[in-house]
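Taking the form predicted on its own, here's one chain by itself in structure tokens.
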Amino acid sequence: MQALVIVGHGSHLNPGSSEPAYAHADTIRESGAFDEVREAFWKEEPSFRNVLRTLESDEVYVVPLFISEGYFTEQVIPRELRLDDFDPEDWESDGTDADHVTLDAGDVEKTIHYCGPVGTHDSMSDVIVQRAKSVTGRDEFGDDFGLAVVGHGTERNENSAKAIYYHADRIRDMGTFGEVQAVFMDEDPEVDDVTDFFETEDIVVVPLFVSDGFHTQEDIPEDMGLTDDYRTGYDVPSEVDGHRIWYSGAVGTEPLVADVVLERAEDAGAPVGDAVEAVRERTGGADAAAGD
């Protein structure tokens, strides 16, 4: 038997933090790709530490629903899953290209395929574009639309910014938008000044966050000038400094992320078969297929 475990951060304060993990797990569960599908969290139950013990499968694919490589993917998750032989060097990553490593979890007698985070997979570039399509209702953009990919940014983890720049560069190379810019909450270039970075009248702003919460629902809208008080709401699009801002909310809530989770497992050797196509059809259709 084979199982998929989607691991997320979770939150004691924000009940919506775990919703994307449950939603994507449900989509994959219905595809029949795995004998078992589980969710596990750092700040909620079921926990990282106990999840492997809930499985009957002897082969498990673990996919972190995190944006970047760093403390959680390299230290917390392997420690809590008791992957004693894990070494981040095994990923041979420069911060954005972790793939997978296969280890034995001896205390539960299971083979664990530990995958890189969803947020750095190449297909997330396609999900960001799909998120932009979802919020604008457009199938195409062109030179008159700009795209801002928003990250948290932090001096504590340089990989946090690397993931944002990585996808901004890939989307820029696609030629889907007239302009593409990476911006951040806690480092330069800052999302507060987003309109300074674009000549296009229309700007789609997509936060590369897993779930909607304090940052995406309160901080970023206020920082961009969409509203003085998030509690009063704002229009989509909103007029700011002579630009129309189309603000999408967290990319991790886009249904197509379920396909990226499957692709992570498939890259690690999971025989998912026709499930990838089935999930793509359900979450965005062939035109929006991640990885295409």
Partner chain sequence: MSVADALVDAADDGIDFDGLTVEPYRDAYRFQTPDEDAVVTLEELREHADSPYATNWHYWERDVGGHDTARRAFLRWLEGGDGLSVPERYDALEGGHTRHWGELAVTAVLGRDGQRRYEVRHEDDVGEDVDAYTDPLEARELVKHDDDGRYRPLSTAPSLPHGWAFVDLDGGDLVETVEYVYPATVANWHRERAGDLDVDHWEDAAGRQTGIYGVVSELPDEALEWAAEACCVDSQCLKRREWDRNGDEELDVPRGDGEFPCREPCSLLVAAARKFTTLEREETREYTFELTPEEKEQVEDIVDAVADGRTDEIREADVYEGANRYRARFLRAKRMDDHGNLSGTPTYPEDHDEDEADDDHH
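Positions refer to the first chain, counted from 1. The structure presented is a predicted model; accordingly, all values stated were derived computationally and were not measured.
Below: the form predicted in complex with the partner chain, not depicted.
Only one segment in the set 123-131, 92-100, 77-85, 201-209 has any non-hydrogen atom within 4.5 angstroms of the partner chain in the model of the complex, and it is 77-85. In the model of the complex, none of the heavy atoms of Phe197 sits within 4.5 Å of a heavy atom of the partner chain. In the model of the complex, the partner chain sits within 4.5 Å of a heavy atom of Glu39.
In the model of the complex, the partner chain stays beyond 4.5 Å of every heavy atom belonging to Pro255. The shortest heavy atom separation between Asp267 and the partner chain in the model of the complex exceeds 4.5 Å. Against the partner chain in the model of the complex, the set Ser11, Lys43 and Arg53 is in full contact: each member has a heavy atom within 4.5 Å. Only one of Asp228, Asp241, Asp26, Asp235 comes within 4.5 Å of the partner chain in the model of the complex through a heavy atom, and that residue is Asp26.
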